[in-house]
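Next up: a single chain in structure tokens, the form predicted alone.
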């Protein structure tokens, strides 16, 4: 949950409090009511409630994510719509974080990439049904994108990636772009909803190369079906 979302939550509480009074006032005065501003005290209370809900025994990598880095802080400050200069600053800084596989191969094994794209495991940190320690992490790509047509359950938050390379080409430049986008999408679109898989070390560079292969290989069901 971003700080922006917390502010919206606090604003919603404020709106629910003043709504009856506003409706009464509207009967007497037809002037449009001004939007309610988030109460800083409510924002702080909501944020503390949110942070305290996490189990302190969670892996350090999960708890560290609760602290916003500079990019996320700027996105919260501008409600995910920063001015052009700030957007450029974020993207430039994020571009410099991208690291490549030691052996230099940006296109790995598409079958391994398919497994990673299909798995949403490794990040279940709730108290009801958490993933056991050591659970392999997946990319959970279908949560937001259509990829291979045999998987009929997919999200539409992100664009369809079916026929990714067939449409965009099989060249090295496309593979490099795909690798960098999966590694750190903020380098191309500041404040995007897409996770930063490499930046947060959620996936290794080699695993990202496998996902790139799933997108790029002509034999991958992404391009063949």
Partner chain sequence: MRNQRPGTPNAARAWLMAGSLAFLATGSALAQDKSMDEIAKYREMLADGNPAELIEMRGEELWKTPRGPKNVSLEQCDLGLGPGKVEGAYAQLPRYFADTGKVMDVESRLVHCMQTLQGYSFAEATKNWYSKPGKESDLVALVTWIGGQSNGQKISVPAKHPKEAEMVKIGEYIFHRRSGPQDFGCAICHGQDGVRIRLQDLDNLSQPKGAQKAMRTWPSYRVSQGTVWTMQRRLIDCMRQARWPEQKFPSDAVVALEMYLQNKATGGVLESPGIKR
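Since the model is a prediction, treat every value here as computed from it, not as a measurement. Residue numbers count along the first chain shown, from 1. So that the term is clear: the rigid core is the largest set of C-alpha atoms that superpose within 1.5 Å between two forms.
What comes next is about the form predicted in complex with the partner chain, which is not displayed.
By the 4.5 Å heavy atom rule, the three marked residues 55, 124 and 128 all count as contacting the partner chain in the predicted bound form.
In the predicted bound form, no heavy atom of residue 179 sits within 4.5 Å of the partner chain. Not displayed here, the partner chain is kept clear of residue 166 by more than 4.5 Å at the level of heavy atoms in the predicted bound form. Proximity of residue 90 to the partner chain in the predicted bound form: non-hydrogen atoms within 4.5 Å are absent; the residue sits far from the partner. The closest non-hydrogen atom of residue 162 lies beyond 4.5 Å of the partner chain in the predicted bound form.
If you take 36-56 and check each residue for a heavy atom within 4.5 Å of the partner chain in the predicted bound form, you get 42, 43, 45, 46, 47, 49, 50, 51, 52, 53, 54, 55, 56, in sequence order. If you fit the rigid core between the shown form and the other one, you'll see the Cα of residue 111 move by less than 2 angstroms. Relative to the superposed rigid core, the position of the CA of residue 55 differs between the shown form and the other one by 2 Å or more. Once both forms are fitted on their rigid core, the CA atom of residue 85 lies less than 2 Å apart between the shown form and the other one.
A change of 3 Å or more separates the two forms for residue 46 and residue 82: their C-alpha atoms lie closer together in the predicted bound form. Whereas the shown form places them at one spacing, the Cα atoms of residue 46 and residue 87 lie at least 3 Å closer in the predicted bound form.
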